[in-house]
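One chain is shown next in structure tokens, namely the form predicted alone.
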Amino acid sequence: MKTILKLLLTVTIILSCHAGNAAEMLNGAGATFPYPVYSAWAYDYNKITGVQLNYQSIGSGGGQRQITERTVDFGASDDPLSPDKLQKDGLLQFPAVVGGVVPVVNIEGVQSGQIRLTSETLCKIFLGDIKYWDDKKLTDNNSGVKLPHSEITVVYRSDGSGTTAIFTNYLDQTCADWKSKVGAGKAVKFPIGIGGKGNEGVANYVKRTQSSIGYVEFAYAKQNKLAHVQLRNAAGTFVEPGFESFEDAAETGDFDPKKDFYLWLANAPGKNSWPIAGATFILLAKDKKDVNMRVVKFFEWAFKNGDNKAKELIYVPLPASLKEKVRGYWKEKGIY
């Protein structure tokens, strides 16, 4: 585990191959959201096969751009592309793993899981309508928690980001003011706050900024020992982020291979579902069949051997039935 965490500190995964084997390289770029689990899978895969994985954790927008320009073997994005967009750019798409985006805070005296937020209060904080932590709208749901009269600093992603797409898609669904004033997407104009590049940048800003709030993929919250919040979900239950609540959200997803698996998981209806869950996706160029088969070989290995490592890092492996749908999709496209 220490070796894995050490790898996560780098921006690029470059793994050495077995001595004596000819180096085989897969080049990918994109989402920071799944970077911890891709790093762990790549480390284990390299030990077994000698294949190197060079994955640039540059954000979903960069991953979409690079695979569209054919400068990488695969792109990675938490912002799923519609079938029309995939058709236009000659791309294929399939899900790899499910995780959760979590609001994280740095408030003096407040521990992880102590503060409760609703979609309304979260929305108003990121719109700048709630300016102080002791605002009545916050204290009403947090009796027994001493919230200071300190001004809130909002931290958001400055780069084109699937994490932002998942987060803003949730706010867009649950908050009419957000929908009308800001909207959803990989890069939106946040009304207030400071921007950090990547999940790493947001985590670092929150960690060193008192009275701040940001949003990151859960593995980054854990690695940086950041305090997460509880959120009230669509069923009206206050839930904490974690494997069980992400899994509950994942089980509600109806991924359709005929639509290239295009689906959002935000605000899932399950009683214990984490409301800001999302799948992360792999993008392939239709015209690169030989390359695609090598990429698929890696993800097929991960589907068969990577579930425990994914769970260890608080990601939800795809259900067996969904893995079979993905394999059927690969076969249909002639890359499996």
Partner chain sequence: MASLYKKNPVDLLFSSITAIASFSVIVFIVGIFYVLLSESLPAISRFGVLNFITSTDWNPVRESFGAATNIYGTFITTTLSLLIAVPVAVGIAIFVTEIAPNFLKGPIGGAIELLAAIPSIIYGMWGFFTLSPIMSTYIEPALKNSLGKLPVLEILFRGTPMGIDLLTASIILSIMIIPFTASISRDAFNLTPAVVKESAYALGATRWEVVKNIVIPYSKLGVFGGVVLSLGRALGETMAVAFVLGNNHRITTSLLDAAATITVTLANEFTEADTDIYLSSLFYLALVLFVMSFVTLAIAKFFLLRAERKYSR
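Residue numbers count along the first chain shown, from 1. Under this definition, the rigid core comprises the largest set of C-alpha atoms superposing within 1.5 Å between the forms. Source: prediction; values computed, not measured.
Another form, the form predicted in complex with the partner chain, is not on view; read the next lines as being about it.
In short, of 252-260, 159-167, 140-148, 238-246 it is 159-167 that has heavy atoms within 4.5 Å of the partner chain in the model of the complex. Checking Trp133, Tyr205, Phe126, Phe94 for any heavy atom within 4.5 Å of the partner chain in the model of the complex turns up a single hit: Tyr205. The partner is absent here; in the model of the complex, the one residue of Ala234, Ala187, Ala227, Leu86 having a heavy atom within 4.5 Å of the partner chain is Ala187. Contact annotation for Gln114: none of its heavy atoms lies within 4.5 Å of the partner chain in the model of the complex. Residue contact check for Ser180: one or more of its heavy atoms lie within 4.5 Å of the partner chain in the model of the complex. Among heavy atoms of Gly90, none comes within 4.5 Å of the partner chain in the model of the complex. A residue is said to contact a partner when one of its heavy atoms sits within 4.5 Å of a partner heavy atom; Pro191 meets this definition for the partner chain in the model of the complex. Contact check for Gly61, Arg65 and Lys197: all three have a heavy atom within 4.5 Å of the partner chain in the model of the complex. A displacement of less than 2 angstroms separates the C-alpha positions of Ala268 between the shown form and the other one, with the rigid core held in common. Comparing the forms between the shown form and the other one on their rigid core, the Cα displacement of Gly59 reaches 2 Å or more. After superposing the rigid core, the C-alpha of Gly278 moves by less than 2 Å between the shown form and the other one.
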